[in-house]
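Given next, in structure tokens, is a single chain: the form predicted alone.
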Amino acid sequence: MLIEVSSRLNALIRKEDSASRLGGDEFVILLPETNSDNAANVANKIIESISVPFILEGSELSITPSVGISMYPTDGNDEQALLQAAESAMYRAKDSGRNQFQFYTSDLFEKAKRKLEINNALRGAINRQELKLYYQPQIELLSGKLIGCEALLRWENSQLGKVSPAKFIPIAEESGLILSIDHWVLHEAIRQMDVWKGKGLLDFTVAVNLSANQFHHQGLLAMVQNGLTQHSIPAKYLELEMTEGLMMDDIDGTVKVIDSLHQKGLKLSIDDFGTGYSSLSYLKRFKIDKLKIDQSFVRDIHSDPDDAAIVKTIIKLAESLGLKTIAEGVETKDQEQFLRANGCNEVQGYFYSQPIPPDKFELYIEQFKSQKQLNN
């Protein structure tokens, strides 16, 4: 049994990690250059691996591990202190019901536990129909027309409640679930576009965010084309948003992907512009349509001269490159007036509407058009 456990442990760790047996049924694993999230992931894998029944001399035997985790240097400055802290955490895991892990520091344990709960619940979210797309309108400043909307992912789980995308998207990326989620988002947005087309409402673009995994996936173009073809949606109604960081990983590869999407008539924009590290020499190589000004700059344009200067610069830069600009996170009339005065083309934010489900977005379209007619 000990040899089998040792074999399973060795299969889970990296070359730079060390696994050893202290004595009896106690093992220790040293993970250099890691953090609490990775330690928790390893602990969870250990529990899953060792919980699989063993076949010894024709008999099936099941065991359950209890894992304690200590972190250097917060839990100890030397090996003895770290071992004692890990052992203390291990006994707490045993007292809590076994077949689980505990950090020596309780706040780290709660953080890791929450992360694993999100990861496990997220695996079945699509099949349980827990994922939803909400839509936030985008307005053209000059004409005041509704010219588009952004599809934004929302998740509500029966156990966890509403989980913020800021929390579950990074976990989905780490676990590899992001590709299936991305696929669902893209096809759900196109399906909804088909519904609006059938109702005679689709005279605007729908923007969908691309993750790094999706952007660099070889099947991206085919995935997009298949979705549009299946629902007979013209490519001009779909806009794909990409972050600066995503695009700068592999410039030549990025240019090829963007060129292939551009040739199919899709609209392309750089999301959160100004927060990454774009080089202007690279930017001019990208066949994109729009720069999206990050809300962190828009928020304080009246109180922070630096933010105001950055917003003005992005707008002028876009104009010189023949691109449009859209500002996100617009919440006040003063912000809108500043953006209009400085030549920003489009806006979105709570000043116009928070993200809303499809049925409420349809009502928003009707009310928006009625209001426009009254104003005219």
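The structure presented is a predicted model; accordingly, all values stated were derived computationally and were not measured. Residue positions are given as counts along the sequence shown, with the first one as 1.
Note that the form predicted together with a small molecule isn't included here; everything after this is about it.
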Next on the checklist: For the small molecule, considered in the model of the complex: do all three of Q138, E188 and E239 come within 4.5 Å of it, counting heavy atoms only?
Outcome noted: no
Here the chain appears without its partner; judged in the model of the complex, the stretch of 324-332, 62-70, 48-56, 306-314 with heavy atoms within 4.5 Å of the small molecule is 324-332
Students should find that, of S269, T254, Q100, N209, the residue having a non-hydrogen atom no more than 4.5 angstroms from the small molecule in the model of the complex is N209
Heavy atom within 4.5 Å of the small molecule in the model of the complex, from candidates G76, G144, G245, P165, belongs to P165
Worksheet item: According to a 4.5 angstroms non-hydrogen atom cut-off, is A81 in contact with the small molecule in the model of the complex?
Response: no
Just to confirm, N157 within 4.5 Å of the small molecule in the model of the complex by heavy atoms?
no
* **Distance check, Q295 to the small molecule in the model of the complex, heavy atom within 4.5 Å** => yes
Is I169 part of the interface with the small molecule in the model of the complex - any heavy atom within 4.5 Å? yes
